[in-house]
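Here you get one chain, nothing else, as structure tokens; it is the form predicted on its own.
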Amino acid sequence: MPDAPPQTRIAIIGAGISGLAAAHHALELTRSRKRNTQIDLFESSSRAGGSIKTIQKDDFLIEAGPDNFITNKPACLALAKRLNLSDQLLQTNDQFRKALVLRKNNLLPVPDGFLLMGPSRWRPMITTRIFSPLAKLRMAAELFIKPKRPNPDESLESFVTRRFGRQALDRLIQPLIAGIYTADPATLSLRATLPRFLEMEQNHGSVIRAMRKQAKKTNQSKSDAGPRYSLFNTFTHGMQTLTDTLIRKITPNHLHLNTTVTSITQNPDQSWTMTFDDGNAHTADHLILATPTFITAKFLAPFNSTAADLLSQIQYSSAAVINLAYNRDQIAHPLNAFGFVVPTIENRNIIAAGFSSIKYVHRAPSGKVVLRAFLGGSMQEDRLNRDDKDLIQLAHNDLTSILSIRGDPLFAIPQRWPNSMPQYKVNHLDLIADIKSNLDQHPNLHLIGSGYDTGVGIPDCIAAAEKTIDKIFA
């Protein structure tokens, strides 16, 4: 009788979406390839799922963390289908597929055809009230500005002001980007976040020229706002449907909550031993750290101080999400969009707000609405020094002023996310390359999560986690 194949032990530290996706994919491959593996996922807190958190309050569905994922990056959608969640996928409300931007207490629509960093259509740019006439001329001049050669990494602020002018940055591009990265455009790496715009400049000589060519090639409709916003999906019962389903697939044998790893040690055979706060230990052939980079740095410091120092250079910003419920007749604004962004130059306390029960159905009872206000980010972290009551008041005051709200909210739920958003600063990709180079001596150690070079979105984290598991099983 042939000997049983040797067992491969895989340990994962951190049960956010990256750790959960890695553990689940390892179990998938174990079954499909009939492999002999032991898979253990360790989480120091009493809850798995990281920043994905859905709250059911009465007949309201509240998203305390991310409220959707994008489908043009396929990893999350593919995972949902493998989890048999396809019938629970929910698209955005097609009636109000647009976003607004605040200018001097007026909410103005983001021009049709404006995609994060530049326009693909002329008429909406000519007629918008977001920019002054001189600013519009300056943006049109982008067609005649020569590319920067050679083109090393540069900040978003440098790129935008060089090509489109200051007002384009301050009035629209900064708040749109802040809604994704909560970052300071003066330090945000364009190559690590939006490299396609650098490629447009290099390949076409102009971002506008490249975007217009792409629009013609894809035969865009008169308004591309609808198709763009239709790329966002969630689940009928909230984003936590995804993590709860993963947790059910992984437990009870593989997920260990309230289990704090205090140190890791590499053994002579390239395996790893984890020591826990209760003094127990666990050994694995492959160790995956799905922790924020500042925690990963502490794990690595005793045996690879260089990699630890490099990891410590990656900074994080903090944010808070305040969900507020109102009667619909308290709000004078038509709420005819998915939400709005707030430029820093407006000197408001919130950086954006979402109209949750407009964006997705079944988020609030009839006659009521849920709004989500965002505070913090790298440019306004001082706002988070307030207590929860003050945070709610700051959010309510801004919403009242901007949306013409009468009276107090029915209820408000604050959720803080400290050190939750990695900052991809200029030369971030070079920093990650140095980290990877220093970890070559530890072939069975794997780092995953949003802090590296894969992106900050849920599909990005899932794709990186599954790629790591594929590598281990290969």
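A quick note: this is a predicted structure, and the numbers were derived from the prediction, not measured. Numbering starts at 1 and runs along the sequence shown.
Absent from the display: the form predicted in complex with a small molecule. The rest refers to it.
Enquirer: Which listed residue (Pro124, Pro109, Gly205, Pro292) meets the criterion of a heavy atom within 4.5 Å of the small molecule in the model of the complex?
Expert: Selected residue: Pro292.
Enquirer: So which of Phe355, Phe299, Trp272, Tyr181 gets a non-hydrogen atom within 4.5 Å of the small molecule in the model of the complex?
Expert: Comparing distances to the small molecule in the model of the complex, the residue within 4.5 Å is Phe299.
Enquirer: Picking from 64-72, 434-442, 406-414, 27-35, which part of the chain touches the small molecule in the model of the complex when contact means heavy atoms within 4.5 Å?
Expert: Careful reading of the contacts points to 64-72.
Enquirer: Using the partner position in the model of the complex, report whether Phe42 sits within 4.5 Å of the small molecule, counting heavy atoms only.
Expert: Contact check for Phe42: yes, within 4.5 Å of the small molecule in the model of the complex.
Enquirer: If you check in the model of the complex, is Ala99 within 4.5 Å of the small molecule, heavy atoms only?
Expert: So Ala99 does not count as contacting the small molecule.
Enquirer: Taking heavy atoms only, is Val321 within 4.5 angstroms of the small molecule in the model of the complex?
Expert: Result yes; Val321 sits at the interface with the small molecule in the model of the complex.
Enquirer: State yes or no: in the model of the complex, is some non-hydrogen atom of Met421 no more than 4.5 angstroms from a non-hydrogen atom of the small molecule?
Expert: Yes, Met421 sits close enough to the small molecule in the model of the complex that at least one of its heavy atoms falls within 4.5 Å.
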